[in-house]
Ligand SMILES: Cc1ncc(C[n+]2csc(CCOP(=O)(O)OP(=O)(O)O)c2C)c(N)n1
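Let's start with one chain on its own, the form predicted on its own, as structure tokens.
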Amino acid sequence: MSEQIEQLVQQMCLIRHTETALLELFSQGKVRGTVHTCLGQEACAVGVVSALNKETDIIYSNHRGHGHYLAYSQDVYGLIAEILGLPAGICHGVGGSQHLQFNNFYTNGIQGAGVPITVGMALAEKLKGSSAIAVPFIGDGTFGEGAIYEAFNIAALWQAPVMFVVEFNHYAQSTPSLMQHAGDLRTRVDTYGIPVTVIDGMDVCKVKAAAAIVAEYVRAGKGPAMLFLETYRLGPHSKGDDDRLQSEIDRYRLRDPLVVCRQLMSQAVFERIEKDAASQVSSVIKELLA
């Protein structure tokens, strides 16, 4: 069990140091376009992806997809090269931060656009008779897009093997969720008969355990389901555009996924894992910029 936890923490540290480095590279003018980091949401990415079959399951991420991609591949070199616009990138430098594709992993920078696409992919797998499920990641801001409700409806109507994953980080860019959405987002899919599992998205072990249960439900042919992760974005929406109160951010830092998981291992082990991740990211950047 301790070895499994170490692997989860290693992936989260790798994501954290990669995202931090990308913000620094942007500030240095080395990134073309923009970057949307998932600082604070690492447990969501790692917990969910670690519960899936990476060989067959389809993962469809969004504009904040670096963490999902690294949890899927741990390919720091290919990701950073892509965001720097280099031919060594996973999409040869033409996809950039928001449009990535590798094996069964996809992203789409258009808000909500990937959700109906993922439902179509899931239906294709069902028609083929495969055991694969499709997993779109949704932010709470995406609940303002009509296309996702059409996707919920079709998925439920045709019993598509989809596990909708919501990363509820309380903000859509700079707008608090309470100022954008009436009612409770956790109950949005009730009318479609889609079951919802709500879990603490800051605890990677809880996320993985819940994701495994929900994924198995969907894989068993019982129809779509939703995993609703309560999380928080510690970094800016993109780059430095952040007008939240510092006191609010500091309050959530106490629940930083890396702070939570430190309690599961010795300080020495955690420091070793973090040092290795920082060294790996630094070496990749040095090589790419040489």
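Bear in mind that the values here come from a model prediction, so they are computed numbers and not experimental data. The numbering used is simple: start at 1 and walk along the sequence shown.
In what follows, reference is made to the form predicted together with the named molecule, a form of this protein that is not presented.
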Among 258-266, 242-250, 58-66, 217-225, which stretch has residues whose heavy atoms lie within 4.5 Å of the named molecule in the predicted complex?
58-66
Tell me, out of Ala147, Ile110, Cys91, Ala212, which residue has a non-hydrogen atom within 4.5 angstroms of the named molecule in the predicted complex.
Ile110
Contact label in the predicted complex: Gly139 to the named molecule, heavy atom within 4.5 Å:
yes
Could you confirm whether Tyr77 comes within 4.5 Å of the named molecule in the predicted complex, counting heavy atoms only?
no
Against the named molecule in the predicted complex, would Ala172 count as a contact residue? Criterion: heavy atoms within 4.5 Å.
yes
Heavy atoms within 4.5 Å of the named molecule in the predicted complex is the criterion; list the residues of 218-249 that meet it.
His237
